[in-house]
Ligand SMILES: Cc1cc2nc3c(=O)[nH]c(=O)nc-3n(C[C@H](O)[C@H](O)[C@H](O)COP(=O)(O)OP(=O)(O)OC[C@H]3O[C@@H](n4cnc5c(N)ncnc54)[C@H](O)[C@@H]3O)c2cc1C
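First, one chain by itself in structure tokens, the form predicted alone.
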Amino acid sequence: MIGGGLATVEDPRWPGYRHNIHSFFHRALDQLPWYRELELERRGARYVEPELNVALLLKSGDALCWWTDFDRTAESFAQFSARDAATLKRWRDAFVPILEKILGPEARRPPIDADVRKKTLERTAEGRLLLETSALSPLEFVEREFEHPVVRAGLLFFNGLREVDLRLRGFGHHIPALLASPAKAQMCLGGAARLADALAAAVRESGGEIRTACEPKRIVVERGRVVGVETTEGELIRARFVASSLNPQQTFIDLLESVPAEVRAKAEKFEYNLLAPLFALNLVLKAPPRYRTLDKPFMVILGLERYEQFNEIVRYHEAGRIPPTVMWGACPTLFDPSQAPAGGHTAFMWEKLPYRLQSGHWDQARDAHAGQMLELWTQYAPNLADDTIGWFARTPLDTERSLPNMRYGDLLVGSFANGQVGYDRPFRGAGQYRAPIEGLYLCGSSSHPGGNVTGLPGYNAAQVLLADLGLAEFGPRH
């Protein structure tokens, strides 16, 4: 299928109700260069960014809210801690120039050697602040800078847990960088698959061909150079180059018959995230969830009361056990009625859960856990008890089955630990999108800047490819 995680589907039991089963919350996609250059809005990918963007709902009825208006966000923080609201503003102001001058441009171009980058950053005040903040883990940064447990929990979840391991040093800057970003969570009208459809239209209108239900058997190498791909049906597709968005084990071990031992060893060592796998609960509804204290929140976080819960979640994942539920999700039809029949609604909740269970199997445990999630959800939105028509759930195993590049259910397609970041992602020698085999390029989430739907690994790989093909005039635009 076209789109991978950009999937919007109907369950045949409830026709007309459209569910985004993997990718939904996007960030600033309509501001990225490739979106504009490929004219994706004209091709049907249109985004909205709801005003009440994120809400952490507490059992008490209180809520910590992020708005598209930063001042309203600061007001919400001030209800919990005036000091934390002031800290929020201070770090936001400090990181706006860092985001504009350093982090934004870095994400939109091939990475440079870490030592060279460090020396460059040390020359400016913004660069030095970035280096100092980056030396921390997200957890260390939040514990150092903020005092209220709910504020700490909200920052770590919204700006941390969904992306990286909170204990991982080198990523403390993620918190202030996201605070400084004017872009908030957004959704594609018609469902996430509309973005995939628009991309496919851009390919076809440019003379490209897309094969579906087509499985590669091997990447073909002749005289030390990649010359094409052979399918499982025996067709040889010859090409001047091959660009792979698969994970390193698939690219270098599964599809290449002869790989230098050093390259194979690096690919084998590529690691995946412990905390990335998703469990998803999708609802078919007669009415949207009605939360007691908020009207039309976009992303909703439930079950999170204190930031110490993160350590508990890690311990449960390490033990292969299901932790007490902390989940987040949305009701897309509040903002896009086209995703359900007239008067109907869809909603979903996601939870980070272990890929492997210590006892039992996800195929047997799925429905019972989905029922527990729905029970918790109903405590915050009581109308779900009467307004739920039906539901279905997907486990980390289902993710890997449908998206096999997401090994172990890792939606980021590779950890940022083990040095797998920037110039060394997926590993040293392949960090600038050129594989150590002539004619082979890397363009997926296992490359810089990493997972999530950003288009930037492919955009950056295209810059390298165009330069190598002598077409550099179509290269990077910032």
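Don't overthink the numbering: it's just position in the shown sequence, from 1. On a predicted model such as this, the values are computed, not experimentally measured, just so you know.
Omitted from view is the form predicted together with this ligand, to which the following refers.
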{"property": "Residue 23: touches this ligand in the predicted bound form, heavy atom cutoff 4.5 angstroms", "result": "yes"}
{"property": "This ligand contact at residue 405 in the predicted bound form, heavy atom, 4.5 Å", "result": "yes"}
{"property": "This ligand contact at residue 415 in the predicted bound form, heavy atom, 4.5 Å", "result": "no"}
{"property": "Contact flag, residue 215 vs this ligand in the predicted bound form, heavy atom cut 4.5 Å", "result": "yes"}
{"property": "Selected contact from 139, 357, 259, 278, since only one has a non-hydrogen atom within 4.5 angstroms of this ligand in the predicted bound form", "result": "278"}
{"property": "Contacting member of 181, 309, 134, 250, with respect to this ligand in the predicted bound form [4.5 Å, heavy atom]", "result": "250"}
{"property": "Location of this ligand contact in the predicted bound form, chosen stretch of 25-33, 39-47, 422-430, 60-68 [non-hydrogen atom, 4.5 Å]", "result": "25-33"}
{"property": "Partner contacts in the predicted bound form for 1-19 (non-hydrogen atom within 4.5 angstroms of this ligand)", "result": "1, 3, 4, 5"}
